[in-house]
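What follows is a single chain, given as structure tokens, in the form predicted alone.
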């Protein structure tokens, strides 16, 4: 079983959306016995909270259910429990790497590296673009999850 962890700052917008889209794609392809996914945040601002209401709405517009996901904090043991850690932006990457246990070699990759013709290496923070910002993030994540799943299957 390959385990994939999606990481953003608060685990209420970008990483739960990636979690939900990726999970649905794994199910569509019948790969539940080969791939598992989870999500977390590099801060504890929202521990235990559900996904942001605007993100839940934007995802639901595209048939993605985030209602069962709740924020949790990235912890050192995640480096041992997961085979691939996928961060949403450069700040998440730095914060994630700062927790890496000595000698651990779990790959940490940027989500946008899997989005064809990506406009940036960072998944934008949706808060600054109104509902269009949330919808844009859902679209970017949908574009990258297929290539990301293909990559995870090679691990």
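Worth saying up front: this structure is predicted, and the values here are computed from it rather than measured. Positions refer to the first chain, counted from 1. By rigid core we mean the largest C-alpha set that fits within 1.5 Å across both forms.
One more form of this protein should be noted, the form predicted in complex with a small molecule, which is absent from this view; the next part is about it.
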Check your understanding: the small molecule isn't shown here, but in the predicted complex, which of 23-31, 122-130, 59-67, 99-107 has heavy atoms within 4.5 Å of it?
Key -> 122-130
Check your understanding: Is the gap between residue 5 and the small molecule in the predicted complex 4.5 Å or less for some heavy atom pair?
Key -> no
Point to revise | Non-hydrogen atom contact residue 10 with the small molecule in the predicted complex at 4.5 angstroms | key: yes
Practice item. Examine residue 124 after superposing the rigid core and state whether its CA is displaced by 2 Å or more between this form and the one not shown. Key: no
